[in-house]
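Only one chain is included here, represented as structure tokens and corresponding to the form predicted on its own.
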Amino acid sequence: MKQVVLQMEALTCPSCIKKIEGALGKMDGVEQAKVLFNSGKVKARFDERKINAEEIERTVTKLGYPVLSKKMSQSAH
């Protein structure tokens, strides 16, 4: 498993969180998606054999949330 952290602009509404987490959670290969409201970050743990970080980033951008930066790491799980 890999993890990507997307740095966003500050998120200001709870519905934004549900929208992002819901969309990413439905993607094949995404095991977990979590929005960190206060820091404006989206963390997603995913199976790199099924999906890649660029597809996750593209989905968030299509929802209307610009991604400022992206950081990849191995997931602890």
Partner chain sequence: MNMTGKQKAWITAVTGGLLVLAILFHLTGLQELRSSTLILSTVIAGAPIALKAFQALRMKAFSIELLVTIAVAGALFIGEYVESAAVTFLFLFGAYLEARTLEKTRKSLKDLVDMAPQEATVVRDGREMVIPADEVEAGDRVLVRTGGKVPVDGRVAGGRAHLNEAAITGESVPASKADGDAVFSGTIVDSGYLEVIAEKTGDDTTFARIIELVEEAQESKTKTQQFLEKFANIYTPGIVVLSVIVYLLTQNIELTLTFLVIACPGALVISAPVSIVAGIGNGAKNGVLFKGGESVESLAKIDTVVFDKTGTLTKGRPEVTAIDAFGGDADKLLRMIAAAETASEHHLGRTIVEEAGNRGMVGLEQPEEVEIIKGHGLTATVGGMRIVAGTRKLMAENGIGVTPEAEAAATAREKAGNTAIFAAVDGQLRGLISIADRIRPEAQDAIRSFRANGVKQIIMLTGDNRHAAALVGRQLGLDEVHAELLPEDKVAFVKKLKDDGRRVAMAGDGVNDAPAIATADIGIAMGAGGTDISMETADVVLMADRLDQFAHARSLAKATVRNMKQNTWLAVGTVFLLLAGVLLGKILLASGMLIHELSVLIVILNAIRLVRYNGGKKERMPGGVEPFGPQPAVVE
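Numbering follows the first chain given and starts at 1. All figures in this text were calculated on a predicted structure; none of them were measured in a lab.
Not pictured, yet referred to below: the form predicted in complex with its partner chain.
**Student:** Does any part of residue 66 reach within 4.5 Å of its partner chain in the predicted bound form? Heavy atoms only, please.
**Tutor:** So residue 66 counts as contacting its partner chain.
**Student:** Would residue 35 count as touching its partner chain in the predicted bound form under a 4.5 Å heavy atom rule?
**Tutor:** Taking the distances in the predicted bound form, the answer for residue 35 is yes, it comes within 4.5 Å of its partner chain.
**Student:** In the predicted bound form, does residue 53 come within 4.5 Å of its partner chain, counting heavy atoms only?
**Tutor:** Result no; residue 53 lies far from its partner chain in the predicted bound form.
**Student:** Counting only non-hydrogen atoms and a 4.5 angstroms cut-off, does residue 45 reach its partner chain in the predicted bound form?
**Tutor:** Output for residue 45 is no: heavy atoms all beyond 4.5 Å of its partner chain.
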